[in-house]
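One chain follows as structure tokens, the form predicted alone.
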Amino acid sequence: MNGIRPIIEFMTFNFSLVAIDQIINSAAKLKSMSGGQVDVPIVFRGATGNAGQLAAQHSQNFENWYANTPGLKVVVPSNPKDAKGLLKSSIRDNDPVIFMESELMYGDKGEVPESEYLIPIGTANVVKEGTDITLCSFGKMMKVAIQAAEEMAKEGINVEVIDLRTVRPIDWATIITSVKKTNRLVVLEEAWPLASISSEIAFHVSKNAFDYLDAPVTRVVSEDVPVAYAKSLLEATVPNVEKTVKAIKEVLYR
């Protein structure tokens, strides 16, 4: 690409579907098809997931869609500090990166270092250490995860909370290390249940840490229906603190 590192911005990844052929069949594959001779250092940036009452065509999650594609990297930050450090790493990366944000978080404020820093792609963050159960999530669902952990703390349950930060590649080592310590895992994400990031994590942990699990891996995801416009139906469809706390208790007390 002769030093050019373009950033393509979508208002929302719902609109990326009109460009998905170029992303999947060109950007993701050029390095492999050229025998490693052609790098594609490009960032596709935009919003994913629901942003309130925007109905079915503007409320979809595409993390698992793009993470399914070899040749792409998929980043989903959960806070301002991570967003800056991960975006800088994404721009410097020689592979195409899908950088997915939440419109509901664009007004969030947080501490961001003024000095130069990078956050490596593929490195999860243990946001809160715990001993009783692992709760793994990413993106804006991290807010739900942290609130759920706080609710469980009121009952004396110490939840370890992991922020994946990137969903391709996934930091398997951090997840497995946590599960070996807590012996239980709940995965929280906003996507539909079929072929989701949470189902991949459930498979990987069940395969590679089965002897450490004291209960089956459980996940909290959106209902398997298009997202409705009505506020009551939207709230019933997507994950929340109540659903997450219920899942944690089911894993702990089964």
Partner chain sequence: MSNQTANTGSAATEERFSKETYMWWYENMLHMRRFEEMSGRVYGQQKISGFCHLYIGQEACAAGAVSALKKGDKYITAYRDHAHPIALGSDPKRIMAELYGKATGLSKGKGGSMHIFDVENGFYGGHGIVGGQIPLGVGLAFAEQYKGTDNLCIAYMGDGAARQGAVHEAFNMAMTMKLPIIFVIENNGYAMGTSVQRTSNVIELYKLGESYDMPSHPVDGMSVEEVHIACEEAAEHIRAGKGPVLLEFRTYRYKGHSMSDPAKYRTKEEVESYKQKDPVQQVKATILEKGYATEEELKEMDNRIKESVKECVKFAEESPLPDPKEIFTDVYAQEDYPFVRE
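Please read these numbers as outputs of a predicted model, since none were measured by experiment. Numbering follows the first chain given and starts at 1.
From this point on, the text means the form predicted together with the partner chain, which you will not see here.
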query	finding
4.5 angstroms heavy atom contact with the partner chain in the predicted bound form for residue 110	no
In the predicted bound form, residue 199 touching the partner chain (heavy atom, 4.5 Å)	no
Distance check, residue 215 to the partner chain in the predicted bound form, heavy atom within 4.5 Å	no
Close approach of residue 21 to the partner chain in the predicted bound form, 4.5 Å, heavy atom	yes
Selected contact from 151, 132, 103, 95, since only one has a non-hydrogen atom within 4.5 angstroms of the partner chain in the predicted bound form	95
Of 184, 140, 165, 168, the one that lies within 4.5 Å of the partner chain in the predicted bound form (heavy atoms)	168
Heavy atom distance at most 4.5 Å to the partner chain in the predicted bound form, all of 10, 14 and 242	no
Stretch from 189 to 197, 31 to 39, 45 to 53, 220 to 228 whose residues place a heavy atom within 4.5 Å of the partner chain in the predicted bound form	31 to 39
Residues within stretch 182 to 210 having a non-hydrogen atom within 4.5 Å of the partner chain in the predicted bound form	200, 203, 207
